[in-house]
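Shown here is one chain on its own, the form predicted alone, set out as structure tokens.
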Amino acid sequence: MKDEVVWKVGGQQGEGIDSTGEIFSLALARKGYYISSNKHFASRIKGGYTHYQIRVTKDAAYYHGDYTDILLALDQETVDNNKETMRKGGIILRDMKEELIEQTEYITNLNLPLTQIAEEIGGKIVRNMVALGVSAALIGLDQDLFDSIIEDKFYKKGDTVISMNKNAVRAGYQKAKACLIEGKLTFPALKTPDVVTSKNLMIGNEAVGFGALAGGCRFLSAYPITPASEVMEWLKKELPGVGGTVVQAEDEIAGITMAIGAAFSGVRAMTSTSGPGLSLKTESLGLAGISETPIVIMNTQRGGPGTGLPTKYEQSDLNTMINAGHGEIPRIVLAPSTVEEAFYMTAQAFNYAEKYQCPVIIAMDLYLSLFKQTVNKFDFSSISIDRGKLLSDNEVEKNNERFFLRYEISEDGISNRSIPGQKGGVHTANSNEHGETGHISEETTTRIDMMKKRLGKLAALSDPGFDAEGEKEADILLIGFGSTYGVIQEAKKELEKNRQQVTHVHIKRLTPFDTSLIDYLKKAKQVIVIENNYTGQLRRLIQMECNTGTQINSILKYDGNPFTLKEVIEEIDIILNKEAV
């Protein structure tokens, strides 16, 4: 039996590739398996090659896998694009008029009349359901695997449609099962999870929306942009139920300025975008910084520059997120590495924004935003609401000064905050430099005091900025951020098979940077940073912040695709062999 199976469906966009993959992954998640997925798709609505890859495992995994065990190929292009990544013993399932099973030394070509079977049941429209039935039989699961999914998906269309889809699954299942029983075909069954508990399955954008909701967000204003739009779509359905509001803004600038206005009025507010949109929001980011207005911005990185690769993966917005804008403002940039972390970090982002009265950016990437992972049940008891120095009506009314000191110089750099409508508070703000009362001032001492106050207040942020798995004194120290977590974890395990001591550090806060990383850098024999951009932005950030003189190697990829484990291991070997010489 197998501990894992990598399953992939490929064809042309518009052929139901996504829905087929999502039904398969959701059914397996309900059976207690862990799912990590990856999609390849073009920036068009219909046409063009696409595939949906799912790695099914007994234990938690966050990487979709290098090799394919079962390939459902709906056209020849799928075969051509994926034959080199088939695992030995794998099966290529194709829709052909005549049944044919051809076993080679390496793989099995399984040709079945999927369309013919579908038409006998109700029409070609259920062809993919027939293929799912075949897939369930191949990995040793039950033919009722998809029943609950079909009932949920088609309940509005009535019993006839539900029955047709169930029959299509069973027909495919029985066809493949007969081949297995007769010995025409062999494939190891997938092991059952040790603990069978149904798991949630979601994309990172949904987790961000859910985390925002749980963290007290009640206003989102955003402009649709790939690959961030799902945050707005998810919250559009959920926020009204708790008295919240979603506004689809006319452009990216309006998206952030509306959110700043809502936050100024006391509402927990956010905006969501991708790289091009973040560029447009930059001036208003400065407004939030100088007015010390708490706001959360989710940025999903995609391939750039310009329009770039709107449906492809990259991690090239790091410099923009930590530096963008004229002048200097305090900001916090958080980088989740899994879908589950996206939920908790988003909820925490609102606490940070209000506690430190500054913008907080959530650094997502396309892989993490759009590709589904299983997540454990969220622990809502671990989420608390910290509104920082936001004063109550009674507290503001006790103000004895002529003007409320909204920007009062304090020991920790954080001032008391009032909101419009509170008697005795400050009800206006602007983007000019100002004194403690908020009135515009260009006086030298005022400027110096306000800059020290704003830029110094994050010094109190002492929460760990990275996670480390392994010892400080390592043979190899691997460092990454964002969705590279999964493939780096897999690389760590592979290298440890050769008795190498490997430590994996994953950066979770890009700024303020946690310089205690220096302890790991100094003691590791080899330091390798793995990231998806051309210039090694994370490596440069580490060198700038830690300044140890330690040699830091880079493994870079920027073709729009995530790393494969094979690529990472090969690049690490090149670095180690070069050092050995």
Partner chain sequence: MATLKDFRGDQPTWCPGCGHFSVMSSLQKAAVDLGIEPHEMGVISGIGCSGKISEYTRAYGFHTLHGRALPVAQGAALGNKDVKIIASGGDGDGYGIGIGHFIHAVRRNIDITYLVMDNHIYGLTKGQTSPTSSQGFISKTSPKGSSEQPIQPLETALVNGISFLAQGFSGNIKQLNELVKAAIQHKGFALVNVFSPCVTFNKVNTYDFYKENLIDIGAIEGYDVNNRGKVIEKIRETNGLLTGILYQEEKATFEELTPEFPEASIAKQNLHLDVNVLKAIEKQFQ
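Positions refer to the first chain, counted from 1. What you are looking at is a predicted structure, and each value in this text was computed from that prediction instead of being measured. C-alpha atoms forming the largest set that superposes within 1.5 Å between two forms make up the rigid core.
As for the form predicted in complex with its partner chain, it is not shown, yet the points below apply to it.
A.B. asks: Among 129 to 137, 435 to 443, 359 to 367, 463 to 471, mark the stretch whose residues have heavy atoms within 4.5 Å of its partner chain in the model of the complex.
C.D. replies: One stretch meets the cut-off, namely 435 to 443.
A.B. asks: Quick one: does residue 157 come within 4.5 Å of its partner chain in the model of the complex, counting heavy atoms only?
C.D. replies: Heavy-atom contact with its partner chain at 4.5 Å: absent for residue 157.
A.B. asks: Does at least one non-hydrogen atom of residue 250 fall within 4.5 angstroms of its partner chain in the model of the complex?
C.D. replies: Flag for residue 250 set to yes.
A.B. asks: With a 4.5 Å heavy atom cut-off, would you call residue 26 a contact of its partner chain in the model of the complex?
C.D. replies: So residue 26 counts as contacting its partner chain.
A.B. asks: Any of the heavy atoms of residue 506 lying within 4.5 Å of its partner chain in the model of the complex?
C.D. replies: Judged by the heavy-atom cut-off of 4.5 Å, residue 506 is well away from its partner chain in the model of the complex.
A.B. asks: Can we say 402, 420 and 428 each have a non-hydrogen atom within 4.5 Å of its partner chain in the model of the complex?
C.D. replies: Every residue of the spot touches its partner chain in the model of the complex.
A.B. asks: Please pick, from 242, 195, 100, 178, the one residue with any non-hydrogen atom lying within 4.5 angstroms of its partner chain in the model of the complex.
C.D. replies: Only one listed residue qualifies here, and that residue is 242.
A.B. asks: Pick from 258, 502, 190, 107: which residue has any heavy atom within 4.5 angstroms of its partner chain in the model of the complex?
C.D. replies: Of the candidates 258, 502, 190, 107, 258 is the one lying within 4.5 Å of its partner chain in the model of the complex.
A.B. asks: In sequence order, which positions of 266 to 285 have a non-hydrogen atom within 4.5 Å of its partner chain in the model of the complex?
C.D. replies: 266, 267, 268, 280, 283, 284, in sequence order.
A.B. asks: After superposition on the rigid core, does the Cα atom of residue 458 shift by at least 2 Å between the shown form and the other one?
C.D. replies: The answer is no; the displacement is under 2 Å.
A.B. asks: After fitting the rigid core, is the C-alpha of residue 426 off by 2 Å or more between the shown form and the other one?
C.D. replies: Indeed, residue 426 is displaced by 2 Å or more.
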